[in-house]
Every structure is written in C-alpha cells, then in structure tokens.
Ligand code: BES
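Only one chain is given next, in structure tokens, and it is the form predicted alone.
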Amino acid sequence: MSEDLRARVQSVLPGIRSDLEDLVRIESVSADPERAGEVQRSAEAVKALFDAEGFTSSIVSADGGAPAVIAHKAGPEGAPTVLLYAHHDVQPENDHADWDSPPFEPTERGDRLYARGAADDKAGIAAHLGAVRVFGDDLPVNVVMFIEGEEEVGSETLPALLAEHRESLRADVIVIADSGNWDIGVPALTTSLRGLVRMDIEVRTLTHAVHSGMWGGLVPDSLMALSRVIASLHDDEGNVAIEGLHSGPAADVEYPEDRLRAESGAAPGIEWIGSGSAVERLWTKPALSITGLDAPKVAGASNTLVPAARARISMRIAPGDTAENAVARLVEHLEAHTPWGATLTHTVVDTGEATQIDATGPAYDAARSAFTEAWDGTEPIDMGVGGSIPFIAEFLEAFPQASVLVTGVEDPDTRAHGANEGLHLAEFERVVLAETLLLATLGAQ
C-alpha cells in the first residue's frame, strides 16, 4: 500500500507545486491594512482549491477578524475525523532589496523555492491539499480543513472562531502544519513551545529636558536609569534574573555547535549566554530580549538630559509557566530595580501561553510510523520550539479530547519571516507523503 501511495504522491506533486505558486503570488499580508483585499483574495483562492477536491467549504470570520476557510469532506462511515490546520496569511516582506528574487514571485534556486509564504505557511496548505488529492473521493478518514487568515498578527479572533464553529471543527486528531523539522532529512514532532509576554516600559526622571552641563552630576537622566533597569534583567552568565519564572528540562537532543553558529547568524567570536544545555536555553528556559528603544538618535543629539526613555521587552516563557505569572513577576522585578526614585510605567502589549503536549497514544504512534517511512527509516525526534504559537493552546483548550500533532514544512534554513524565505522541495515531498501515510494509518485504526 505504501508504495502505491508514494507513486500517487509523485503524480500529484506537479499540480500541488503549481497551486502553491499561485497562492504565493497573492500578497496576503495580514499586518498591512492596505492589503486586506489580498487577504480576502487569498481566502477565496484557498476555498476554490478545496471546492475543486469535492469539499463543502465556506469563508468565515468572527469579531471583524480576517477571513478563514472551513471545509469538510466525508470519509467512510464511522471513520475518525481529522482536522488539518494551516494559515494563508503571511508576514510582511519588508525591504525588497534584501531579497535575491521578488518576494511574491516564486523562484526556484538550487533545492529550494523562494518567496514570502512559500514555506510559512502556504506550503502547509499545499501539503494538506496534496494528501487529500492523493485519495480523491476515497478518503480513509473524515477531513475538516481549517485555514486561518490572521496567524501572523496573533490569531486575535481565533478563540471566537473556535467557539462559534466548535461543532463543525470537532475532531479526533488535529494536525497543525505550522512548525518544522529538526534538519534536512530528520523529521520532528513539536511537543513544546515557549509562551510570550511583550511589554513596553517607560522610565521618567524629569518633567522636561534640561541642559546636561548645568544639571549633569546631580540629576539622573532617563537613559541612564533605563540602562540600569535593562541590565538588571540578566545575571552575569546571561540567565534571566527574574525570580519566580518556571524552567524545566529539555529532551536529550544534541544541537551541534557548527549548526548553532550557522543557523543563529552569530557574529564571529560571540559567546553564548545562559547556562544549561543549548536546547534547554532555547526551548525550556525563559528568555528575554530588548526589541525596541525610544531615545534620541546619536546623529543630531544635543547636550540635553532626556526626561523619559522607553523600551520594548520581549520575554519567552517556558512550558509549565503562565503568561499571568510571568507578567506579575516581570513587573515586580522592574519596580524593585528602578533606580534613583525614577518613575516606571508599563504596558502589556500582548501575551501568549506556552504549550506542552503529551505526545503519546495511537495518533502519535501513527504519526511517528508515517514520518519514519516517509524519511526512509529516519525516526522523528520530539522537538521543542523556542518561539511561540499561542493558538496551539487555544486548540488544546477547545478540544481537550483530541490528539494534537504539531508539525510542518520548515527546516533550519527556511528563514521564515525574513528575506529569502525558502521551501526545501525534497523535504516538502516527504511532508506530503508523511501526511498521506498518516491519514491512511488513522483510517485503518
């Protein structure tokens, strides 16, 4: 049976590649209000693809959110129901000059297809499409497609969508195609993801700017005070120094030093921060970065004490922690480490919960078997992800009885969200085959 499925995957791949390229040409940047029409056009194109496969589909939205596509196609009576998730919106492409080819014109170079969304996550849609196209009208399971339209802007209306369409989306197994694999040739199941807290802070020391020569040495300036606050957030080793945050062990996976340096873009001679194994620091310990500063530019700066300075804190929280706890502990720390009587105010920008998945049971056994076969005997590893996909926690909460499998088409050099995002074509073929084998196995169970 598996050899027959391999042959059928080979036969549908050219058409799937063409469909993917058509989707990529639609500039469905959900963060850009001026391209809301393109996001709508993308949803319509996705709907048309599944309509052509015999699905009954509709475009839905909730609370003024971006359009999503829900589609259904029945398998044999009594078969399990599998929900296949991906998203059709993409990140902004930013400066076109940073791309080696036009960001919305799919271009093959070497073993990759380059374009914004070629991997994240229109290839997830294409993988689902390929798996169901292999079976035609003989699906081994009931299939529900849920293709979201606002994942790249935080899935703000996803809880409302899940609540409104709960019965329509209910499934025994949920396959979320928005993660990646450990390496080229090494598949993975994502079993943990860190959560996120973003917070803007302002430190104020003056009611108005004053001359630095007249008052320097007596009056603290806001940049000095903010620098002290920021410096307090890590200890001398580079570990997050906020008391009360959760940390945990990670899988026994070796992340080779040469891969770490190549994939991270670390400058020559840079030393790693923190303690513990590399994967613990990346997957199961909190991390904190300063991703923005509001302060006068060096060019044109005057001899003036700046009255207030602002920074954006981006904190990843470990699986097992909660966003509520992380916000409370961060605020406590900031207030305790604000020097010289300065006034500190904070605003929570957004939060997302961390995720820990119990990847045991028949569905996970079926997935591991399918992955091993698709990758010619290489077994998948259980992988953590340092980034955050908060909507996964929403699925786990909405459908607690379902087995949630998190996988995807990305690899360490996909460059999702960056310039020259690219899909590794041979890995994409394995992903389509693995999903095809998974649906067949779940149907047989």
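All of these numbers come straight from a predicted model, not from anything done at the bench. One-based numbering along the sequence shown.
A second form of this protein, the form predicted together with the ligand, is not displayed here; the remarks below concern that form.
Counting non-hydrogen atoms within 4.5 angstroms of the ligand in the predicted bound form, say which of 308, 196, 370, 288 makes the cut. So the residue touching the ligand in the predicted bound form, by this definition, is 196.
Quick check on this chain: which one of 248, 159, 154, 362 has a heavy atom within 4.5 Å of the ligand in the predicted bound form? When the ligand is considered in the predicted bound form, the option within 4.5 Å is 154.
According to a 4.5 angstroms non-hydrogen atom cut-off, is residue 412 in contact with the ligand in the predicted bound form? It does not: once the ligand is placed as it appears in the predicted bound form, residue 412 has no heavy atom within 4.5 Å of it.
Close approach of residue 178 to the ligand in the predicted bound form, 4.5 Å, heavy atom: Residue 178: yes, in contact with the ligand in the predicted bound form.
Indicate whether the ligand has at least one heavy atom within 4.5 Å of a heavy atom of residue 87 in the predicted bound form. Contact with the ligand, yes.
Would residue 65 count as touching the ligand in the predicted bound form under a 4.5 Å heavy atom rule? Residue 65: no contact with the ligand in the predicted bound form.
Which single stretch, out of 37-45, 50-58, 396-404, 383-391, brings residue heavy atoms within 4.5 Å of the ligand in the predicted bound form? Among the candidates, contact is made by 383-391.
Looking in the predicted bound form, is the ligand within 4.5 Å of a heavy atom from each of 120, 316 and 417? Verified in the predicted bound form; spot residues all in contact, yes.
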